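One chain comes next, on its own, written as structure tokens: the form predicted alone.
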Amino acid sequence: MAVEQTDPPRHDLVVIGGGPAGMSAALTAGRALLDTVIVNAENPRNAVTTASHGFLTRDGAHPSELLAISKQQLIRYDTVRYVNDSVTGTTKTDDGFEVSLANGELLATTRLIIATGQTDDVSKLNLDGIEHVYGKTVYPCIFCDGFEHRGERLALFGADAVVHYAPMVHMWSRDLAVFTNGDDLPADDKAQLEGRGVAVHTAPVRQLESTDGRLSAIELETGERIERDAGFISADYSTPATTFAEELGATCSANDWGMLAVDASETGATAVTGLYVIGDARTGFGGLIASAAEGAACAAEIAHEIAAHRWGTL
């Protein structure tokens, strides 16, 4: 006897990704009594770092601590379900979306938030030894980690946008050296940097020297060795962690930093009705507290839309 197939229950909202943007969206949705499922593979981009900074009330906390607290605080919201799993696919339907999980579950929802962020591939930097220092003494974000290395001997890796990044790094330390790793730097850019006391090294980098994650020196192919204590990266080496948004019809373009990100409004709305993209998936790199704010704003906008729809059907 054939078993009758039943459609999965339809949720108000499914959130894919449990970083600050996704968890904040789920929290705001829960407080609005929206039937919400948040799916998180718990493989965050910032897992390599030792501490997260700039998040009010949690400055210096490890990323795992932020996730643990967020999960604990979601428990009180009966309309929110947290699922530790990965998403294997998404489909657009006539009245929303379907989300397939690795555990075989199928989630149906009228609205979908993608907050899966970006993924980093440091091998693209072609810096031998970067894997030993990345997230420990070499970072992508000066606001996130610059304060802890103020006044130290700093390195700035990359040629793209280096003249825009260097003035920021220079605020934390006047002892700054740029390493383009063999890439040419326009003469005007080089003159601008050197005119402000920033050393510019265009020779290819042979290796980054370090001990227990602490950068100590940069050795060039010329044999020159420049001692440094920490560094920041201006080159692009990240890509969107998933292609779900594109597969559902959203478009992508390069942002001001040259990073590929999904096209969406400041509150995450894409050109696809009911589809939202927030956090690093939209901005490329927005920082923890900005991403959390974006998640809250996106969920609030969705709550307004659902409230208006329900009101209109009374």
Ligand SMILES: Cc1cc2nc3c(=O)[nH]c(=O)nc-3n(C[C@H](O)[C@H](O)[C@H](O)COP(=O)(O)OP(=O)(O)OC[C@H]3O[C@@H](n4cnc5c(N)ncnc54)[C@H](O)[C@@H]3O)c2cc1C
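If you're wondering where the values come from, they're calculated on a predicted model, not measured in any experiment. From 1 onward, residues are counted along the sequence shown.
If you look for the form predicted together with the ligand, you will not find it shown, but the lines that follow are about it.
- Taking the partner from elsewhere, residue 192 is found to have every heavy atom lying beyond 4.5 Å of the ligand in the predicted bound form.
- The shortest heavy atom separation between residue 274 and the ligand in the predicted bound form exceeds 4.5 Å.
- For residue 65, no non-hydrogen atom is located within 4.5 Å of the ligand in the predicted bound form, even though that partner is not displayed.
- Residue contact with the ligand in the predicted bound form: residue 85 places a heavy atom within 4.5 Å of it.
- Scanning 269, 27, 41, 248 against the ligand in the predicted bound form with a 4.5 Å heavy atom cut-off leaves one residue, 41.
- In short, of 163-171, 199-207, 218-226, 111-119 it is 111-119 that has heavy atoms within 4.5 Å of the ligand in the predicted bound form.
- Residues of 19-54 lying near the ligand in the predicted bound form, listed in sequence order, are 19, 20, 21, 22, 39, 40, 41, 42, 43, 44, 45, 46, 48, 49, 51, 52, 53, the criterion being any heavy atom within 4.5 Å.
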